[in-house]
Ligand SMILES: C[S@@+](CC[C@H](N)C(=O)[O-])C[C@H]1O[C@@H](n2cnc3c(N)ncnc32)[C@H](O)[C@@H]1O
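Heads up, the chain below is alone and in the form predicted alone; it's given as structure tokens.
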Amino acid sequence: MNPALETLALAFREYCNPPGRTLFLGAEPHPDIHDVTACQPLKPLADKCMSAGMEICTELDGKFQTVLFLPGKSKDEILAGFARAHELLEPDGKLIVALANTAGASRFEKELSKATPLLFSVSKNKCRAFSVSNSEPWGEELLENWHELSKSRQIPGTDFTVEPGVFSSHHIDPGSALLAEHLPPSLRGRVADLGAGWGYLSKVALGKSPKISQMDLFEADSRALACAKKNVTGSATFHWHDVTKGLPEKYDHIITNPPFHTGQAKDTDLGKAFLTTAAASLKRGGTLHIVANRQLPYETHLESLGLRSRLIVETGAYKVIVSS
């Protein structure tokens, strides 16, 4: 189990009795955290929360006595989350945040304490849980700065809308850019974009290939998908979906930049799961267009799925593969 989640649950048990109406931002299931309103943008984790009996809420209503916050890795997302929690707290409400030490727990504890005094701090599991209340005014200048971080923005030099916390929120991912450059104008029929993010590849594909009749964007992060709905126009549909669970339809072509970070085994497995789904979802004669870290052994996996692969281009960091 997530060590930061364990530390958050420990603080929740010890310092929130009774907790009152509780909101859990970045929710994950835990046996000691229940009867909460759960907010989780990532579909696989949202599914786990629902399986554990949590109700996933996309539109928040009212104020909360307790807000639990299990942040992601983005600095902007964390600071914007502080401001969002402040808005949602009752006048005497309590915010509890938990982070791994390696994710900057001490740093963000200090940032939050600049806005208002800490109530407590707990160190456990190489993580830290820390808390503040809403009983006194928070620093207005800091709150304003944090609210600014939460706003949608544009990728510099483009008209693409993004928001903090989503993948590649400051620039076009170079792997996606390489794949976009080598997408053929001959794509036609129904096309799927797996792990579509905020819609970059889909928009490029629709612009290059006028014979695409339908573009289906599948994305696990609801925040990125909301951006994609602003970025991609025309014959497109949007699906908050865990690609590893399979697709509901078959496609003439599939494009994907499978998720990977450092080439660790768990990331490789996730990328392979994307390709397994893609192979099972291609129509006969269809093509799969992939960009990947050049060191990832996807060709062998594609061969095991019965697909023939062709290397289109390779750089120092990435490779583009077409399989059929």
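Everything numeric in this text was worked out from a predicted model, so none of it was measured. All residue numbers are counted from 1 along the displayed sequence.
Although not depicted, the form predicted in complex with the ligand is the subject of the following passage.
Residue contact check for residue 214: none of its heavy atoms lie within 4.5 Å of the ligand in the model of the complex. Among heavy atoms of residue 201, some come within 4.5 Å of the ligand in the model of the complex. Heavy atoms of residue 128 never reach within 4.5 Å of the ligand in the model of the complex, leaving it off the interface. Residue contact check for residue 120: none of its heavy atoms lie within 4.5 Å of the ligand in the model of the complex.
With respect to the ligand in the model of the complex, the three residues 22, 38 and 62 uniformly fall beyond 4.5 angstroms at the level of their nearest heavy atom. With the ligand omitted here, the record of contacts in the model of the complex names 235-243 of 235-243, 130-138, 153-161, 110-118, defined by a heavy atom within 4.5 Å. Shown without its partner, this chain lists 78, 191, 96, 220 as candidates; in the model of the complex, only 220 has a non-hydrogen atom within 4.5 angstroms of the ligand. When the ligand is considered in the model of the complex, only one residue from 56, 270, 52, 279 comes within 4.5 Å through any heavy atom, namely 270. Looking at 82-106, no residue comes within 4.5 Å of the ligand in the model of the complex, counting any heavy atom.
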